[in-house]
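Single chain ahead, by itself, as structure tokens, in the form predicted alone.
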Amino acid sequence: MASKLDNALEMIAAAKKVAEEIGTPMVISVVDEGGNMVASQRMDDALLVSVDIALNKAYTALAVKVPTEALATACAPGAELYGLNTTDNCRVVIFGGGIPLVQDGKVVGGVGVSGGSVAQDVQCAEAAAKKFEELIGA
């Protein structure tokens, strides 16, 4: 069985491949079940701010157990979860690019991608999540 690091690096490679195809440099981060970074890579010319954003997207997806894009509407001004992004030391990201990693029905980590538009970030994160499913045989 591959290590968490080996799996994370393969997931990052899958997201990086998509980022290269769309011509957008990204930061890709993977966290474990405790929200600790397993691996993170910044492509050449990726936005510096994306380093923290990618890690926080991965953390958020793990912490709330849903893709971060699902939080946007619920966290809009006047909505039920407005202000959620100011909790947990402001680590909660409420826009797309973070996806929880699920194994045997349990959230065991998260992947976060930042550097492009929200749609591009989601596209790359989905590639990483798909790779995770392939690696665990889901």
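Keep in mind that this is a model prediction, so the values were computed, not measured. Each residue number is its position in the shown sequence, starting from 1.
In what follows, reference is made to the form predicted in complex with another copy of the chain, a form of this protein that is not presented.
For the chain shown alone, Lys4 is a contact residue for another copy of the chain in the predicted complex, at least one non-hydrogen atom being within 4.5 angstroms.
With a 4.5 Å cutoff on heavy atoms, Gln41 counts as touching another copy of the chain in the predicted complex.
The shortest heavy atom separation between Val18 and another copy of the chain in the predicted complex exceeds 4.5 Å. When another copy of the chain is considered in the predicted complex, Ile99 lies well away from it, no heavy atom lying within 4.5 Å. In the predicted complex, another copy of the chain lies within 4.5 angstroms of at least one heavy atom of each of the following residues of 65-87: Lys65, Pro77, Glu80, Leu81, Tyr82, Gly83, Leu84, Thr86, Thr87, in sequence order.
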